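The chain below stands alone, shown as structure tokens; this is the form predicted on its own.
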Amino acid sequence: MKAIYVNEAWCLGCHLCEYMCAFANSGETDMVRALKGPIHPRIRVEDGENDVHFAVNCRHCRDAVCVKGCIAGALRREGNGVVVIDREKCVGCFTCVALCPYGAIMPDGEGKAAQKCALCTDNLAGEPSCAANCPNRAIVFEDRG
């Protein structure tokens, strides 16, 4: 399965991946309208010490504790291996947020449901927006076996 991989040595800390993620998942066709006000990306860049930056995103774990721990059954693995959230089933208890060992699941912009990276499977074909728009190719979408 293809996955997102991050090379923190190449990350510039520009946060462009966050903006492109928020735009891709906004449902808007106008970028200015989509990014006006607070944004709610499904990936985030952490700024560490010594000018080290790295993107935090869902790893779509094979043995995903978030899926096992979801009390509403809102999290599931699709046939392609991608872990997704059914927003209609999500009750906003945020158990998955607490369970994720990577901190990759977070409350949505309204604080009513959880959100996470779904590899842009629900909004575009091909490469996820964060990887497609990373200027330094610090984020890549590839199959590493």
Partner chain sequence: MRYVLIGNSTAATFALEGIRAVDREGSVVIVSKEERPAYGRPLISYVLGGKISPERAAYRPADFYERMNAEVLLGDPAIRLDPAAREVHLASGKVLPYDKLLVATGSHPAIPPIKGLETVEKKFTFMTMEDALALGREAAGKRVLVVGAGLIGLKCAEGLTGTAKSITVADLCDRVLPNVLDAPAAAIVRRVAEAHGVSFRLGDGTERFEGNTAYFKSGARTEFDLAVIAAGVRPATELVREAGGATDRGILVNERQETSLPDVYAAGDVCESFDICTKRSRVLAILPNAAMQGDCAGRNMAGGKASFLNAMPVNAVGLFGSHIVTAGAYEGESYTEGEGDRYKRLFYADNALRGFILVNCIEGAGIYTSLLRDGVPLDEVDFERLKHGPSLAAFPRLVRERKLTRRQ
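Residue numbers count along the first chain shown, from 1. Computed from a predicted structure; not experimentally measured.
This protein has a second form, the form predicted together with the partner chain, left out of what is shown; the following refers to that one.
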Exercise. Of Val84, Ala114, Cys120, Cys100, which residue is found within 4.5 angstroms of the partner chain in the predicted bound form when only non-hydrogen atoms are counted?
Worked result: Cys100
Exercise. Taking the shortest heavy atom distance, is Arg42 within 4.5 Å of the partner chain in the predicted bound form?
Worked result: no
Exercise. So in the predicted bound form, does Ser26 come within 4.5 Å of the partner chain, heavy atom to heavy atom?
Worked result: no
Exercise. Counting only non-hydrogen atoms and a 4.5 angstroms cut-off, does Val52 reach the partner chain in the predicted bound form?
Worked result: yes
Problem set entry | Residue contact check: Leu12 to the partner chain in the predicted bound form, 4.5 Å heavy atom | no
Exercise. Considering only 13-51, what residues come within 4.5 Å of the partner chain in the predicted bound form, judged by heavy atoms?
Worked result: Arg44, Glu46, Asp47, Gly48, Glu49
